[in-house]
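Included below are structure tokens for two forms of one protein chain, each presented in isolation as structure 1 and structure 2.
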Structure 1
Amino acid sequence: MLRYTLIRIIWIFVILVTILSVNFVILQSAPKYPPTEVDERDMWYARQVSDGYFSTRVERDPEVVRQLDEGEYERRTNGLYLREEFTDSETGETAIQYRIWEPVPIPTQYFRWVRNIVTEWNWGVSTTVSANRPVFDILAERIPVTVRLNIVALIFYIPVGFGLGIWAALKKNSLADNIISVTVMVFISIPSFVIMLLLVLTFGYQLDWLPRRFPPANATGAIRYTSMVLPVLGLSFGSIAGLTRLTRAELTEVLTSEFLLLARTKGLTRPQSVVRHAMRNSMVPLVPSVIASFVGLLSGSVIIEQIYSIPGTGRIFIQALEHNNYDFNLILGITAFYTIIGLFAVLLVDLSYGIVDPRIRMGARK
């Protein structure tokens, strides 16, 4: 068990590093969009130099200056070339110089990036969304909003999903089961953002029962709670349908098994046999699926946040991905956040099999 856990952790770590590295290298080779305000831009370049991603120098060689003037010099992507006049302090002559910021080679950038994160927890600064603000600060402000929403959705959907699934399985082929099955089919099929749009349209705009958009962070009173209703519903309908279907399928299978018949013949009542034997056994695939569904909720909430103007990580990710105005450091930070959560959930899923069902031996050789 310990060996298996260790191998899984190492493997997950390898995947994590691979994904983040590939992401970093590809994004760094794309054109960047430094802040457009001169002051902010200068601060940004200074910051890049101090973080080690750029080198800076002053070019006074007349030949190089001429090449720069006439466009013969091969300018680097993301480089900044500022043409200035300067006065030579010895001769007193005025000439042209270039102040140049150029990115260092990507492998060097990559190692400095890793070093900055590992030693200083420095994820870089934002460029366009909130110029020169540390990415981690922006994330730290947004993550609680998203995570709170998702946890509320999780708390809401698990009992409902289990309950409906169990009900459908116990009353198999009854009217209730058929209704539940059809509803599950519908909600599994419809994209969550369509459900969310229809919810907002109906309850927000047409009936005017609930807020039409998420209130600002300083809102007080009932709106803080009523504004959670629609995003939680929008997030959890699909998950409820999935969980109901899985619970129903698993429980139906267990309910027809011989050991349950044995339990009944030993004299257990039906509720006893269902709770003690059937439920326990059907939990085996359900618990991991619930853990995995959290990741699904989290990435599904990106689009829900966009529809309902929720100031969470998903919405800022969409902002950072604005066409031709990308905020790469922020994108890197957010994708790292989602990747870490996703992979951590995968690890939990793997380990939870052994905890829920002792018969499964982790890493056992066949």
Structure 2
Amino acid sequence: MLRYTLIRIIWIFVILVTILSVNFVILQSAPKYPPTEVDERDMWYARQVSDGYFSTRVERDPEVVRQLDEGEYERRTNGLYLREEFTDSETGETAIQYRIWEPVPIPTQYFRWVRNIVTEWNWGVSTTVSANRPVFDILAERIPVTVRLNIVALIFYIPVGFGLGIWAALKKNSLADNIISVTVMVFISIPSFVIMLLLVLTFGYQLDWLPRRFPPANATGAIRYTSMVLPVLGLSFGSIAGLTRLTRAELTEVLTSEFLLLARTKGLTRPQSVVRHAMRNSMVPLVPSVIASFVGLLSGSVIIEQIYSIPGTGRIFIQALEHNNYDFNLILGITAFYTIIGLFAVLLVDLSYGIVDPRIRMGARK
């Protein structure tokens, strides 16, 4: 098991590097959008040069200046340039010059980016969401909000989903089972962001029972807890429906199996046979599905954070993807976060099979 785990961790690292490398090349091939404020823009240019992603020079050649004025230079290069006036030291007349920043070749940028991360843990700086702030500092503030929201949703929906699924399985083909099954199909079919909108409109605006927006970080009192209710419900309904359906299906199959009938004939009561045998055997596919669902919650929270103004990674991810406003370094940092969560979730799913059922040994030799 240890050898298998180490090999999987190595593959996680390889896959992570591959995904980030492909994303880096694609994003760096796209047009650049520096900050719009003059001070922020100058600071950003200086940072790109110091990090080794751009080279800079001043162009005073009249022909090149003419090409820049007419846009011909822009068609030949994807560099960034700034038009300036200067006083000619020889003639004393005012003339035009261009300060030009040109990206170095992408392979060179890539190796310098990797070097900055490995040696300085420098993921670059943001350009639009929070101009010139280090990406890691932004994520360090936002990741705890996203993780806390999704963990609360996970803790809420697991017992509810298991409970409804067990109840439906034990009351198979009854009125309760039919109601649960129909409700499950409805909530599986409705996207989480639609449920979130309905919850906000109903309980936030019409009834005014719960906050309509996520409170600021310095908020105190009950609002810190009541503000979690709507996003947790919005994330949980679909997961509850999926877990309920899976639990009912697995437990129903085990309840009709021959070994459970044998346990009943040996004198075990129905509750004893369900608790000792049926539940344990039905847990083998259920526990991995719960672990994997955490990734689904994270992806769902991207939209819900935008709807409810939650200051998490999902909200800034949407902002960093806005048209003509791309924040490449921030996109790469958030991509790394979601990729790491997803890859380790897959590893935990595989390891959980051996924990739930000791007969399963991952990576064992024949």
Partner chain sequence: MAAEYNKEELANLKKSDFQPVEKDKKIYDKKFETKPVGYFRDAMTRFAKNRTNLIATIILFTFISLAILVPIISPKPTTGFHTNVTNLPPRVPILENWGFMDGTRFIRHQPVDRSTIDPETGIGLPYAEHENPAIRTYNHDFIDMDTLYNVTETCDFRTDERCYGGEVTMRVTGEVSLITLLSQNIYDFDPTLNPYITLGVPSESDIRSLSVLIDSNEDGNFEKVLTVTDGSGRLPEAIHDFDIFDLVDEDDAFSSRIKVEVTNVAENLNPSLSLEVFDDNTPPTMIDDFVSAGMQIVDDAFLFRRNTTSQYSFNESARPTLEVTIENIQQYNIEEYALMVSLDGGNSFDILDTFTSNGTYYIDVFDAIEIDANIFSSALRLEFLSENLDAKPDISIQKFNTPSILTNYNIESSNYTMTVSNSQSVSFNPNFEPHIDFEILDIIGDSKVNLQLLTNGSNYQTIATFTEAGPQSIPVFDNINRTTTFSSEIRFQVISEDSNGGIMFDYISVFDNREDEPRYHYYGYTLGQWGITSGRVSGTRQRSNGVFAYAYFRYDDYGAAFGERYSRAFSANTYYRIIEENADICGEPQVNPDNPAEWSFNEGCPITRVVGRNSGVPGPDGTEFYTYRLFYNHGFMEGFEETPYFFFGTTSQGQDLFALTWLGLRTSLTLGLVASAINITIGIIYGSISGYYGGKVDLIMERFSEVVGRIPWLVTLSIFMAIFGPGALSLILILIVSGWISVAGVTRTQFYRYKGREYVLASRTLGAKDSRLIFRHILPNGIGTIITASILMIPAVIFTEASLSYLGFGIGHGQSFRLFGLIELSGVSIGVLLSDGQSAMLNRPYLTIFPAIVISILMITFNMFGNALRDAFNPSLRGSE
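Note that the rigid core is defined as the largest set of C-alphas that superpose within 1.5 Å between two forms. Start at 1 and count along the sequence of structure 1; that gives the residue numbers used here. Keep in mind that this is a model prediction, so the values were computed, not measured.
Original post:
Given the two isolated forms of this chain, which one is the form predicted alone?
Top reply: That would be structure 2.
Subject >> CA of Ile166, rigid core aligned, shift of 2 Å or more between the two structures >> reply: It does not, since the Ile166 C-alpha is displaced less than 2 Å between the two structures after the core fit.
Original post:
After the core is matched up, is the C-alpha of Tyr157 off by 2 Å or more between the two structures?
Top reply: The answer is no; the displacement is under 2 Å.
Original post:
After the core is overlaid between the two structures, has the C-alpha of Leu262 moved by 2 angstroms or more?
Top reply: No, because once the rigid core is superposed, the C-alpha of Leu262 moves less than 2 Å between the two structures.
Original post:
With both forms fitted on the core, how large is the C-alpha shift of Val38 between the two structures in Å?
Top reply: Here Val38 registers a C-alpha shift of 2.9 Å.
**OP:** Give me the C-alpha shift of Gln97 between the two structures, core superposed, in Å.
**Re:** For Gln97, the C-alpha ends up 6.8 Å from its position in the other form.
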